[in-house]
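Two versions of one and the same chain are coming, encoded as structure tokens; call them structure 1 and structure 2.
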Structure 1
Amino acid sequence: MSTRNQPKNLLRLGVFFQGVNSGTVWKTPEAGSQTDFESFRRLIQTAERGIFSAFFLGEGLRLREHLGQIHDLDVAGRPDAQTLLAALAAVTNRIGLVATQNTTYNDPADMAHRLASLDLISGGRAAWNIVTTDNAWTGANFRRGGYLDHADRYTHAEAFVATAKRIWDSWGREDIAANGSQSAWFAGNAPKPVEHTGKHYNISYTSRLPRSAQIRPVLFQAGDSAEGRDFAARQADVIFSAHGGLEAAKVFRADITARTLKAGRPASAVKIMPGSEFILAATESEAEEKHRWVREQQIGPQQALAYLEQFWGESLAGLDPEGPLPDFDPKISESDVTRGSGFQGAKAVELTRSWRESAKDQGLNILEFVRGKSGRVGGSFVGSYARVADTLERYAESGAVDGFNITPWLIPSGLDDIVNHLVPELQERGVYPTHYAGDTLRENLGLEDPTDVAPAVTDEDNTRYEVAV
């Protein structure tokens, strides 16, 4: 056992099953189905064996397009998150179940009921990753194209989330009969209706479900704009951040702590788990060889040209993938949402000119350049089990993060190296749990009881009310 000083905090791990993406290796014989239940079962049970806190599902409301057509190089076919998590709740016991769900194209009472249902039947393991996708291109799928102005997405989302919280909190802890000796099912006060009148919807709703073992679902959020960070500081329990490098993570932590305190919540109320990628092996040389293999599988000649086409806005099929980047400017000046959230809003002309210069300076061809851009910025950990564990120990000691949300590059075996080799190294260093702290997700993330920290919130009409507790 290590004799090193006790670190400031334990790290937690989550796993992000993307379902729709370009980074999952799917052409190798080791790859399994992206849609069969068996893949999800195998991955989540591996994660639970490794004492992971959460299993995280993304959401895709429309298939990504490429030059006006369905992007046929992407992995796609993601099942509904809440349906899938309900099934996975039956084959797991402790791991949290995180569903990404949109506030723009759902209704708060219905969403609150469905998430509370998952929370109740899983014994208090449900979580909601709140997203605000509002563009007309996605909205066309819901007959609501362009109905919500982009500037209103967070005020709308905040009213939505505050309403959901009021619905969850409208039942007391002991409002139902504990046993058959009581004279009525409602042992305490009957739930009161939740009223909301706002710009986008009016609600008079009486919740149909009692509280779960963790009071209400845990809330995740990933917005990185100033508005998104303030929203998370006011409403979220966990941030799925994009700041995985240690120095960037320290800066992000300081910023979120300041915003959380300003929102009237304790500094530790919001946990931070950056998105990350792990490529591991027994030795450094083996890990480097695996890293090269993964990038070659992720980015072949087709993918490299398609990546550049997202920004150039036209077919580059005539270019040699082993040649230089295009010597002409893109047809478009700014990439749009049809290319996916990772590309949306990029200043294409300015960006591609800097890429051309960078690739020339480094002597990189198209294939090498695009492969070099793969992986998570600052959140890619490549190396031997021992060296990566040493690196993560420094993260734990710094207090910059509370853990990592890992995106496997291979399904369903992408966590095997982490659970079999990295987790024991982290446990030996005292920076990773050796058992689950409790039965609920809130307990296993070290979160406070929400009834003890409920803040005042503001609805979308700027009238104030207190969250019912």
Structure 2
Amino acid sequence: MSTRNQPKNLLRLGVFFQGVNSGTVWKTPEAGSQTDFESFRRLIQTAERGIFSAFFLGEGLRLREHLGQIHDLDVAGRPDAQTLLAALAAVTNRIGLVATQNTTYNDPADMAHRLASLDLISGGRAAWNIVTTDNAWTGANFRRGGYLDHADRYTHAEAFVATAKRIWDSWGREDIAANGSQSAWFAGNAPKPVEHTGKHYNISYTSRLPRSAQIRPVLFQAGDSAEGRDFAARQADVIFSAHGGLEAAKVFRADITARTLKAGRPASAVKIMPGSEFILAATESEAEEKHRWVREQQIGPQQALAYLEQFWGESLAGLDPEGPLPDFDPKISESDVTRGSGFQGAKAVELTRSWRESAKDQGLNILEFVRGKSGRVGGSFVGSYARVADTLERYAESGAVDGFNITPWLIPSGLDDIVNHLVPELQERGVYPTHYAGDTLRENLGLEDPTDVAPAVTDEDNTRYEVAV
């Protein structure tokens, strides 16, 4: 693979289409449908025009329920990520195709085969966003119903991912198929079966596919706990982080760098792209006006209460949306109010205490507070094209992030402002690519080729996860 010389600290952009979310305004007439291929085609082609590195699909494995109904804040229904990305591969040329797929309810050989298939047919543009999915309500949808506790989920996930890597690595680099004949592929060295014997599964699998143009799919990771971060440091190429503010991003980078070096990899091996949203206009005041409009569309009084209820674990119907946040802690146990939310138990108590304090400090009522939170998974950039470009230039200079994963607040035109106005401003400042560096996602993210061959990882031994950084 050839990588042309690029200046240092380029920011990359990805677009994140969530599996479930309150960030996208679906009720405007232009929003179209979240199940219609046309919505995705228009969005991804705009992203490719803007030299985005990746098009990213989240995955919700069960529609969340709130007070016995499908949760009002969620997108109800979105086609399967790998199926959709395979179709989108046919209408794009360079942009990466990132499928969120969980390790808890899938099998490694099957997953490796499907992702290798996407990687081959897209010419080396596939990536896997590895998630573990953390609630029993989702688990109940599957044969393995919520059977893995937190530490076990990551032990399992790592053995799963390492096994998938060994499957991808089991054909030599020279074996990239020129034609379908066995002699042309193997030249006498047929791939050996990959064996894995562990706590959760035993497999003996012979890969059915050669390597792709980028050797194997790029690996993203999106968990944020200590175990999730260590797992990313050992196995991932890119972290989709939730730390988008500049100071938080610097702290996160330092933490990940320490973990990556400890794992014996160079710090540059793991890129960081926080989730973000951009609300832009020609002037500051227009952008502020747009910001207010977007927040009003995203969250009304009932939705603000519903948002809080999923963390508090009980109905808050008696509260005034224009009054203060609840002055009591959430229930500790998993509740029946919102089934499928990952924010339960001690995590919810800690989070909601910090919210209560911050709402009080800023003098915000429930509606204002929830509107302030809505739409973001990391950073929120509101302002004129030029000022936001200046802000992003500071991010590029700081080295805290390698780019951003953007959730558009409007589908399919939510990227137009970014591609038409922000991207040229960033290019002028020398912090954004002016062309795709290569044909594969690995090249376009500035990642090195993976080294041969991934080592086996056992899923029996939890002790090495106890090391704190």
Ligand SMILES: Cc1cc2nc3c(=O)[nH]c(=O)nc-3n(C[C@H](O)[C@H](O)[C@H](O)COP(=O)(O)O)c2cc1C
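In this text, rigid core is short for the largest set of C-alphas that superpose within 1.5 Å between two forms. FYI, numbering is relative to structure 1, first residue = 1. Source: prediction; values computed, not measured.
Remark: structure 1 matches the stated condition (the form predicted on its own).
For residue 387, a C-alpha deviation below 2 angstroms is recorded between structure 1 and structure 2 after rigid-core alignment.
Remark: with the core as the superposition reference, the CA shift of residue 262 between structure 1 and structure 2 stays below 2 Å.
After superposing the rigid core, the Cα of residue 207 is displaced by less than 2 Å between structure 1 and structure 2.
For residue 361, the displacement of the CA atom between structure 1 and structure 2, after superposition on the rigid core, amounts to 6.4 Å.
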